[in-house]
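Next up is one chain by itself, shown in C-alpha cells, the form predicted on its own.
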C-alpha cells in the first residue's frame, strides 16, 4: 500500500545516509544508471571492482573479443549528441574500440567523479528500521544508501574447470575473462585452449595465426555461424548515423532487440529449393540473422530444427578438410540455435592448419594439469601457455559472490536456492529498495536495448517515490509468483530451455548446482515491455510502496 509522505517519514528514524543510491558495476548498465540517477538530482556513488569502466569490455581482453550484435545497434540511444559524434570503424567492433567508446561516454557525461574503482562489494545488508542498505567493500569500508542498484551482469563470474593440478602449471595460464592487461606473447609458443564456447571460438581463430602450435581441448562443440564482419567507411557511417532513428525503432520491435526478426514462414511450408536458398542467404549474411531471422519454427519445432542443424553440419563438413575433425566439431547433444550461437571468422578453417590440433576430451578426458602441461587418458602434452575458455557461473554467480541479506536477515542465496524468482527481473520480495538491471527472468538479447529500458523503468520508479517522499519499495510475493508463472509459460515449447547451457543455469565446472532452471524471460521484447508498463500504469500496485 502507498502511504502519505508524512506517515512514511514518521515510521523510520533518520538514516544518516552517505548516498541516496549506490550502483554496483561500471559496465553498460551501471554507467547509464549513474547518469540517469544523477539527472534526478540524487547523490549517487558507483563502486567498480576493476580499475576502469567497461564491465564486460573491461574484463574480456582476449584476442578476437568483439561484438556479435551490430555496433550501431549496441551503443547507447539516449543521447543524440553521442550518436552524432561517435564513428564505429567496423560492423562488429572489437574489444579495444568498445572500451574506448565506454570510456568516451564516461568522459563526456563526467561520470568518473562518482565512480570508485578497485572497490569490490563484499556484502549488502538491508536495515528495515531505517529503510536503507549498508554496503561493505572488501577493504572493510562501509556506506549507507536508500536504493541499491546492481549492474553486475549475468556473465561476469568466471569458472575454471575441476581438473587436478591447475595451480601446479609453471607456465603462464589464465581464464579468457581475466586476460592480463599487459601484452601476452604467444608467438611461436606451444599453447592450449580449453573450451570451445563463444570466447574460445574467438580466441582460437585469432591466435592460431601466430602460435607455434595450438592444441584445442573440446568437451562439447557449439554450432557456429559466420560473422561476415567488415569495415565501415566514412560514407557508410554517415548513412548509419542518418538512419539511427529507424535502427533503434527496428530494435524496439524485434523479439530480442536485434536488427533481425523471425521469418513469418514455417520451415516446411516452402519447397526444399526455397528453404535451402533462404538458408544459404542467411549463412552469407552478417550477424545473427541466421539465428534470429530464421523460419519462425526453427527454435520450437524439433523436426525444423533438425533440418536446420543438418544444413549447418554440412557447412562444417565443407569447410573442415579432415572428415574426422569435422565430425568432432558438429554438436550431437543440442540443435542449432538452442544455445547462443557463436559468430566466427574462419574458425573452422583454423583446424585445417598444420599447427592446430583438436582433442576431444569426451573420448580422452583430461586427467590432470602438470607443471609442464596437460595429461589426458591418451597422452601427455607440454605447453608454454594454457588458456581457459571455460565459461562463467552464469545468472547467479555474480549475485552469490556478494553476501546479500534482506528483511530479517534473509540471504538472497538461500532464497534463490529454494526457488529462483523475481519480479520483472528487476525486484525481489524480501529485498526492498534493491533493483537489478537485467537480473534473472529479465529479457536478454541485444542487451543494451534491454538495459536502457530497465534503467529507465528503475529511474522512473525512484523518481515517483522521491516526489512523494516514499522510502521503501518491495515487490509483493503475489507479484513475484505471478511473474514466475508468466516466465514459465513464455518458455514452454522453446527448445533452448530443454538443453544444458548457461541460459538454463548449467555449468559442469561448478560444484553443487547442476539442476536446470528457467533463468531468463523467453517471451518477446514487446510482451516484456508491455507487462512492465502495466505496472507503471497501475500506479505500481504490485509493489508495496511506503
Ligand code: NAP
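Positions refer to the first chain, counted from 1. This one's a predicted model, so the numbers in the text were calculated from it and none came from an experiment.
What follows is about the form predicted together with the named molecule, which we do not show.
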Residue-level question: is residue 161 within 4.5 Å of the named molecule in the predicted complex, judged on heavy atoms? yes
In the predicted complex, is there a heavy atom of the named molecule that lies within 4.5 Å of any heavy atom of residue 296, even though the partner is absent here? no
Residue 101: heavy atom within 4.5 Å of the named molecule in the predicted complex? no
Taking any heavy atom pair closer than or equal to 4.5 Å as contact, tell me whether residue 392 reaches the named molecule in the predicted complex. yes
Find the only residue in 386, 225, 105, 361 having a heavy atom within 4.5 Å of the named molecule in the predicted complex. 361
Answer option from 319, 219, 464, 286, heavy atom within 4.5 Å of the named molecule in the predicted complex: 219
Just to confirm the contact call: exactly one of 115-123, 335-343, 234-242, 268-276 touches the named molecule in the predicted complex at a 4.5 Å heavy atom cutoff, so which is it? 335-343
So which bits of 20-39 sit within 4.5 Å of the named molecule in the predicted complex, heavy atoms only? none
